[in-house]
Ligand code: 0O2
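The chain that follows stands alone, in the form predicted alone, written as structure tokens.
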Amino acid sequence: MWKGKIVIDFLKRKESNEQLQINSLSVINDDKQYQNVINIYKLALEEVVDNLTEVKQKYYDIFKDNLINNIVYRIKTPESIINKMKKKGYDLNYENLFTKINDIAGVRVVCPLKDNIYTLIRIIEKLPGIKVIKRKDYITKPKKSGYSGYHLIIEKVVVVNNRELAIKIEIQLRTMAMDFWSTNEHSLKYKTKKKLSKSDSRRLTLYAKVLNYIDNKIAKIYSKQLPHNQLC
């Protein structure tokens, strides 16, 4: 199976260390090799989204209830990819892009309840063509900021030109309460001109704990109304 170390060969590059040459974003946007790379990521991402959409529908067909509330997905912008590589101190070449950057393609899955998240993880682990290679559980151990969620890095096998390629994709799983907090916290920190005060940052952390408490209480009530195997 093809890995990042031979990506340059696959893309017919002459030198495995050839730079991305992206001092200007317009250069990378016009780079056919870069577009080929991104198209491979898009193919893998679309297949993963299709897999998750099918899981959502099948679960509803069986239990008449939602395992997944909604699915959103994205490919990182060239600027975001390059900034991350520079921040990590990586040379700007395709080998590092493939082997060291795990979230070029990302999926966010929002579930009604925490139990749904762990059920979905077990389903994802069994999906054909998908291998979980890394996980971070911020549900049992939230970040200091208050952020909660469960992150998976998977390899999704896709077929391009009759060759199997293993492409890394990040899947973030959250409850609706977690997503509400995270979306607003991100907007407040990164999409407003004024820097968030320390007191407001502390309030956001407190509100995350409050929402987590409410999340757990609602889940407890909900579990009484459903068959045990539906949540587990």
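Residue indices: 1-based, along the sequence shown. What you see is a predicted model, and the numbers here were worked out from it, not measured in a lab.
The next section is about a form of this same protein that is not shown, the form predicted in complex with the ligand.
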Task: Non-hydrogen atom contact R122 with the ligand in the predicted bound form at 4.5 angstroms - done: no
Open item on the list: Is N83 part of the interface with the ligand in the predicted bound form - any heavy atom within 4.5 Å?
Closed with: no
TODO: Tell me, yes or no, whether R108 is in contact with the ligand in the predicted bound form, where a contact means a heavy atom of each within 4.5 Å.
DONE: yes
TODO: Please check if Y138 has a heavy atom lying within 4.5 Å of any heavy atom of the ligand in the predicted bound form.
DONE: yes
Open item on the list: At 4.5 Å between heavy atoms, only one of the stretches 72 to 80, 110 to 118, 157 to 165, 123 to 131 reaches the ligand in the predicted bound form; which one is it?
Closed with: 72 to 80
- [ ] Only one of K191, K195, K64, K32 comes within 4.5 Å of the ligand in the predicted bound form by heavy atoms, so just point that one out.
- [x] K191
